[in-house]
Structures are given as C-alpha cells and as structure tokens.
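Here you get one chain, nothing else, as structure tokens; it is the form predicted alone.
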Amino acid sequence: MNLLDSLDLTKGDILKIFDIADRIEKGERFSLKKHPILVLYFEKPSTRTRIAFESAITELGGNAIFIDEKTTQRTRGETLSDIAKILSGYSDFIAARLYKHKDLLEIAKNSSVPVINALDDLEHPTQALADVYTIRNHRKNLSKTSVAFVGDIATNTANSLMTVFSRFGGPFTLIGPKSVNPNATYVNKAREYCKVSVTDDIEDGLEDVDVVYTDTYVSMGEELEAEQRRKLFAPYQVNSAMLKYAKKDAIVMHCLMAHRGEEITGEVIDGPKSVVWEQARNKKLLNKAILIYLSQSEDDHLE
C-alpha cells in the first residue's frame, strides 16, 4: 500500500490515520515489527517534511536515510525504476519529494515497499492530512466547517487540502485571480463530496468562513516568475483587513515556509488567530500515524 494521491484517500482511510494520531497523542505506544528504515529521496529542498519524517521514524524505533537526488547516479542517467528497485531493497519505506508526479508513480511501480508522496507538482497529501487534523482539533464538526484557500489556487497544497477536506462534506472556497485556474481534476473530485466555489472576490469568498489558508506565491521551480507572481497575487495577501470578512473566530493556516509581507503579514501569522505552529508540529504526529497505518497494511503490529 502506498500514499501517493489525495484522490485515492477515502474518508475511512483518513479517519483511520486520525485515530492512530489521536491514540499517539493520548500516550499509546506503537512499535513496528522490525527496526524500520525510511529512505527520503528528495529532488527539492525541505525543512519541515524532512525533519518530521526523520523524527517520526526515529520515535518508532527506526532510522531515516536522506538522499539528495543531486548526489546520486541519477545525475549520470540512472533510471528511476532502477533506483526504486535498489532503494526498496534497502529499506521499509520510501518518502519521495519530486518535481513530477509521474516520476513518483514510476518509483511506486518499481518499489517493493510502501511509497509516500512527500510533495510533487500535483500533490502534498501528508501536508493535507496534518492540515485537516489541525482543523478538526479546532472545529469538531468538519461537515459544518468552511475553508477558504486564498492566493495561488492552482498549487499542489490547494489540490490536496481541498481533496482531503472534501471527504468530510464542508464547503471549500478557492479565492484567487481570475487568470489562475485551479486544477479541474481536483475540483471535480472534491465536488463529488462537498460544495466547491471558485471566486476572485475576497469579501464574498470569505463570508462566514471558519478557516483561512494561504501558501507562498512562488513555489519551488517557479523562481524565474517570482516578480510577476508577486504582483499577480499581491491583492490576496492575508492580513488583518482581509480577516474582517471571515468569521470573528476564524483561524489562519499556512503550510510554511512563509514570506512575511507577501502572502501573509507578520501580525497575522504570529497573531492570536494563527494555528500555523500547531499545524507544523502536527506534521510529525501525522507522519508517524501514516507510517504506522502503512505498516499495519503490511502486517506489522501494535505493541
């Protein structure tokens, strides 16, 4: 079993992962059947995802091996299929952060161990699981909770968050420039479960919203378009004035890294409405729950 796409996650899958996370939080001890090795194969930089996975597998009695793609024989033409076969022969899990989703699928196709999507151009499912878990901690009834993603509504983070959150039935709104179109595959899938709205109108889009979420304007691989993107998304900065349109008790989320003064102001991300730091801490908890969940599917056991 792999964790590659938020599109493949059912509500039942998500609830099982959340249940494991809840039990960990209550002090229940989990252990994998054998001393597990997690390989982190990354083409892109990472701070939180890498450390969250490394600390998660360590606390489960295993070890992480980080591999920067630039230091491998991939740079000399080795195929991903060969790399996947080798890495899975040395490990119990592979978490891959890649530029292209199709390359992730190639690794999964040739791996003999579970493969986890640690971010690619289409998806960031482990982030979305941590995000929705955090939302649930503040809004117990997700079916009556409304979320608005503000800014670049075509990002991998928006895709995965919308898809995972939709399984619980609450309304989801994408707020961004008219010239930016969200990924139709993810919008249409989410609409099978909940109401999804797309608008460029900030005031209308944030009306009665419980959760305001934003992300960087310039994702990894888009650096050459940085100035153009900053100008395009500048009107959608999450600031105190914008938050007046949402519910008074709305919470603010950001998957980090943040650029204070661009997509979000410092007074908001460090302010009383922000749950950003709890959201970041939950990445380790949910990554641990994901590893246990995938292990149980491989006949590992609870201690």
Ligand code: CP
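In this text, residue numbers run from 1 along the sequence as written. Keep in mind that what you see is a predicted model, and the values were worked out from it rather than measured.
The discussion below concerns the form predicted in complex with this ligand, not included here.
Undergrad: Consider residue 48 of the chain shown here, and say whether it contacts this ligand in the model of the complex, taking contact as heavy atoms within 4.5 Å.
TA: It does: once this ligand is placed as it appears in the model of the complex, residue 48 has a heavy atom within 4.5 Å of it.
Undergrad: Heavy atom to heavy atom, is residue 97 within 4.5 Å of this ligand in the model of the complex?
TA: Yes, residue 97 lies within 4.5 Å of this ligand in the model of the complex.
Undergrad: Residue-level contact is defined here as any heavy atom of the residue lying within 4.5 Å of this ligand in the model of the complex; does residue 246 satisfy this criterion?
TA: Result no; residue 246 lies far from this ligand in the model of the complex.
Undergrad: So in the model of the complex, does residue 255 come within 4.5 Å of this ligand, heavy atom to heavy atom?
TA: Flag for residue 255 set to yes.
Undergrad: Determine which one of 234 to 242, 269 to 277, 28 to 36, 255 to 263 lies within 4.5 Å of this ligand in the model of the complex, judging by heavy atom distances; exactly one does.
TA: In the other structure, the partner sits against 255 to 263.
Undergrad: Have a look at 117, 127, 166, 159 for me and say which one sits with a heavy atom within 4.5 Å of this ligand in the model of the complex.
TA: Contact residue from the list: 127.
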